[in-house]
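Just one chain follows, in the form predicted on its own, and it is written as structure tokens.
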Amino acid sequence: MKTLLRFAGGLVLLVLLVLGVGYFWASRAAASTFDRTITTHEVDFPVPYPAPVMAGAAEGEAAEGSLAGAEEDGVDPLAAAVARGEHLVRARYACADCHGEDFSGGVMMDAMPVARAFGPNLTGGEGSPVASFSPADWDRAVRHGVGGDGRPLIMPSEDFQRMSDQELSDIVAYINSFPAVDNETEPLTLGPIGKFLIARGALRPSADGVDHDEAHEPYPPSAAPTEVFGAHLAAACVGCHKEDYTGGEIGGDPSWPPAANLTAAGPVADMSLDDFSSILRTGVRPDGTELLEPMTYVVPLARRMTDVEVEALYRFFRSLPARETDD
């Protein structure tokens, strides 16, 4: 009996030792992931952004059909940019989900023992890291997932890397229209599971999936029910559905189901436009089953999308050849 107890005690000590070594390794690996310095290109853009000009058009004449459009006579260009930015934030890019409705900070993830992460204060108030941001700083943070100190951020930049200069400028104009709020959010806290996932490469900062030298388009495509415009909109889906839209394991909260395959091998191939629109805007499939997180976060955005945007997305996804999910 004593021999058995000694064996059991030794086994427990061995397991604890292995767990301790593993946790130390995971902690070091996770820390080194966020302590790196990443170099990105430098960009500049005005706020507000000027309306596009057609080739051969008179100076100041906007491109016909452009998402930006021409500023009407007597309309303040900054007011027009703020209005465009509001649509982008409320219908496409879900900034408020992480940064709060007033952009003074919000909860990105509260899923310990994975992680607790907060979207920082984006107003000009005390505790805001963006109070003195230049356009290059906004580009680095939003489209590259890199902070002012060069370190990776908890920012889904894979979804934003195809954002045009004008769209980012419009979003900055909209956010800057909010009053300053004093609020300093807590830094990222990684739990043991989160550290192990990062150490194994199952979770990674979005900065590792972005080309930091690729130039950005100055303007978005024309707003029309086309595959080209749909491809531009669908770029905000790649963080979950992957670059090839085949879906699979998302990462992040372990309770999230795999993302759907959006190519012809997935459910969109058999949907009508009406079904596609209804699912996006109600969160309920034709069979009565409901969408699960994180797709539930998309529904409030889709309700604010225009019919043109929804149809463009539908046409793009329907154009994708069948590819099987890798996971």
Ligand code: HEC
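Bear in mind that the values here come from a model prediction, so they are computed numbers and not experimental data. In this text, residue numbers run from 1 along the sequence as written.
The form predicted in complex with this ligand exists for this protein as well; it is not shown, and the discussion that follows is about that form.
Proximity to this ligand in the predicted bound form holds for all of C98, L153 and I250, with the criterion being a heavy atom within 4.5 Å. Only one listed stretch (176-184, 217-225, 192-200, 87-95) carries heavy atoms within 4.5 Å of this ligand in the predicted bound form, and that stretch is 87-95.
Remark: P50 does not count among the residues lining this ligand in the predicted bound form, judged by a heavy atom distance of 4.5 Å or less. Of the heavy atoms in R285, some are within 4.5 Å of this ligand in the predicted bound form. At the 4.5 Å threshold, heavy atoms of A115 stay clear of this ligand in the predicted bound form, well away from it. At the 4.5 Å threshold, heavy atoms of F276 reach this ligand in the predicted bound form. This chain is displayed alone, yet in the predicted bound form one of P135, P77, G124, P257 has a heavy atom within 4.5 Å of this ligand; that residue is P257. For the stretch 105-130, the set of residues having any non-hydrogen atom within 4.5 angstroms of this ligand in the predicted bound form comprises M108, A117, F118, G119, P120, L122, P129, V130, in sequence order.
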